[in-house]
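What follows is one chain in structure tokens, specifically the form predicted alone.
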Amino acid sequence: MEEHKTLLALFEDLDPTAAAIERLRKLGIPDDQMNVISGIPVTEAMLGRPRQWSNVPRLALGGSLGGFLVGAFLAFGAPLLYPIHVGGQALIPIPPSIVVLFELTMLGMLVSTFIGVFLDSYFPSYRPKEYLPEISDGKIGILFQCPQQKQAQIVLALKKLGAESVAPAEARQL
């Protein structure tokens, strides 16, 4: 079994970073062993990486369905369980029922989305993280694992593509 080393390459701009990711792929580093660290929001499409899938939309849909069911119970079930006839009005008034359905559907979606994002981001994390202070200054880092035999070849290729530094990553407390 070959031993892997974790390296952190630091770049000034997006274009050399995207070229470096493509070069790492050609050198045999799979996408699941690469992580882009940036102080600015960078989408997968900007760097030519595969789209990351999340369970948050499914959780939001489930939460909205749950909220709709709770709203339907409050709007239609409660008046049927405890009927109060008030002078010629309908037992289940439609306009207030629509408001209750809408509000509880949105509340269910909001709560489940918040919980989904919270869980999907593995927050809070108490483990040490790989980080460089230069990333907060606008630079972009690629954290990747490579076989120890290919380390010199990969470092040379990344330096040719414009990497400011390629060094072993150290885990530190933030």
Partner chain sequence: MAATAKPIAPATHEEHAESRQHLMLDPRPRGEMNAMVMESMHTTSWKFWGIAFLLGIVVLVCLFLAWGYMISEGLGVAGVNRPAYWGIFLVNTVFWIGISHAGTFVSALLRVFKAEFRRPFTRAAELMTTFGLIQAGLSIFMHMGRVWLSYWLAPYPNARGLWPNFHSPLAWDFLAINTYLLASTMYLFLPLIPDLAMARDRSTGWRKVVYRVLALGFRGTEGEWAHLRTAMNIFAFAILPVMFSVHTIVAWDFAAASRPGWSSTIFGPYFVVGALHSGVAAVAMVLVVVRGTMKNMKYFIRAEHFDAIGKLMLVISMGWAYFFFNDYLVQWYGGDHWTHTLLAWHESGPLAWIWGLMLVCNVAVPWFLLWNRKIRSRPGWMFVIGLLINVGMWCERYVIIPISLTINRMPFTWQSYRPGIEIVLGIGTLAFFILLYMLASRLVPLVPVWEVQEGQMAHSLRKFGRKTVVSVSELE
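Positions refer to the first chain, counted from 1. Just so it is clear, the model here is predicted, and its values are computed rather than measured.
What follows is about the form predicted in complex with its partner chain, which we do not show.
Although the partner is absent here, residue 148 sits far enough away that none of its heavy atoms falls within 4.5 Å of its partner chain in the model of the complex.
Among heavy atoms of residue 28, none comes within 4.5 Å of its partner chain in the model of the complex. Using a 4.5 angstroms threshold between heavy atoms, residue 22 stays clear of its partner chain in the model of the complex. Although the partner is absent here, residue 12 lies within 4.5 Å of its partner chain in the model of the complex, judged by heavy atoms. Residues are counted as partner-facing when one of their heavy atoms sits within 4.5 Å of its partner chain in the model of the complex; in 59-81 these are 60, 73, 74, 78, 81, in sequence order.
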